[in-house]
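Single chain ahead, written as structure tokens, the form predicted alone.
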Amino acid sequence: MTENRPSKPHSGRQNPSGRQNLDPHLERYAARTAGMTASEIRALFAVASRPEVVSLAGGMPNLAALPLDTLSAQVAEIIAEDGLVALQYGSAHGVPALREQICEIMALEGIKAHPDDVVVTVGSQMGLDMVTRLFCDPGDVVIAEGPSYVGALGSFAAYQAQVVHVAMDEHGLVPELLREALDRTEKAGRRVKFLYTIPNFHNPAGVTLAVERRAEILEICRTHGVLVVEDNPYGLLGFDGQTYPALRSTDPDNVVYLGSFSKTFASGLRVGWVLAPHAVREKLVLAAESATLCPPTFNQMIVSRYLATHDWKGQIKKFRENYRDRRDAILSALDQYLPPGCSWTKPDDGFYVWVTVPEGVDTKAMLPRAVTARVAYASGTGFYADGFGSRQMRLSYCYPTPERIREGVRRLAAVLESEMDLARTFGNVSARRIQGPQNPSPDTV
């Protein structure tokens, strides 16, 4: 019997420490649930979503440019023409027509793929969860950029994988630091299963992996026998229209590619995919069957009909223009308002700016005071598995209007100046850090 596990699951029963366990099921949970912790931003969202609060915290796509009249007509057509198929169970593999269209989309990034090797998922998060479940035993190591996507860190923690972060610079993941991390981890007798990377318009860092580094990183991973998991939800949204060669396009045998329609079409449909080496594909289908039986056929048919009948490339161009205007607004506001000593990334796309504040300011401790000032952001600690990031914050510019973005940054700057004054007067009093990743909610990803 331990402090956190009573001998009998009984509501209100005290354990030997004298503390009261209020969860009657505490003794029944699997050990892996110990790594599942609530997101501080999810708890914040009820407050941050109030209309008077400018939220720069959540990564919700801005869908205002979608042709809703056209989409509603197409949805009605699907029901009228193919309703008995659309509303029925389907294959865990995914609708064949959509898998073919996904291959055409990935070809824009140099990927040559067969539809049989594509597995449609309920968002790319499901794909990431399945890949982690297939490859990671408790105690295995996943290499990830530092910082990294909060949803990925939640999946790794759920399967009891240990995360080793590798730093980035303005050109993305640093190859030499990756090599050192792999050497160090292997010498310690720890087993590295894969590198998880977001090469394009990184969430949360807002940087892109330099093209000249990509082949080197793939070679390092091949040399060390490490799989690469490439997460690429933003790749087609480059503000200048440029697309970068996918890692998968260079090394199809050692890269698992995750894609999504959440950023290029509609996040609420929850349609993503995994492109995997052929042998891995079969296990992914089995994993999908055990998780969902099958992804929603209706949602897949909506996406497929949209791709077949709509100028989706033109629609992506509109998204790019909207996000570019918002990116320009936040960078201009940061230049105008943020106090000296702050620095930030300058993204070529994506949804996020990664801000570093002066020594003595703890962005997690500052967050409640920012909300009181009617502005919200995501503190940096949630994007590390080891408690780092207390001087960083992620600002999301994708959803608010440019005017709201500028006002939000102005409010944030005032809070920061107050925190810096306190730090100069009283010194740095760091808030207690919560170790480990924080599980995401839809408003935080």
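Fair warning: this is a prediction, and the values are worked out from it, not measured in the lab. One rule holds for the numbers: they count along the sequence shown, beginning at 1.
In what follows, reference is made to the form predicted together with a further copy of the same chain, a form of this protein that is not presented.
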With the partner left out here, check for me: in the predicted complex, does some heavy atom of H165 sit within 4.5 Å of a further copy of the same chain? no
Is it the case that E186, even though its partner is missing from this view, gets within 4.5 Å of a further copy of the same chain in the predicted complex, heavy atoms only? no
Does R190 reach a further copy of the same chain in the predicted complex, with heavy atoms at most 4.5 Å apart? no
Does T264 reach a further copy of the same chain in the predicted complex if we count a contact as any heavy atom within 4.5 Å? no
Which of 353-361, 97-105, 368-376, 336-344 lines the interface with a further copy of the same chain in the predicted complex (heavy atom within 4.5 Å): 97-105
Which residue among L182, V207, L227, L236 has a heavy atom within 4.5 angstroms of a further copy of the same chain in the predicted complex? L227
Looking at S332, N254, N322, Q315 here, can you tell me which has any non-hydrogen atom within 4.5 angstroms of a further copy of the same chain in the predicted complex? N254
Which residues, if any, of 50-67 lie within 4.5 Å of a further copy of the same chain in the predicted complex when only heavy atoms count? G59, M60, P61, L63, A64, L66
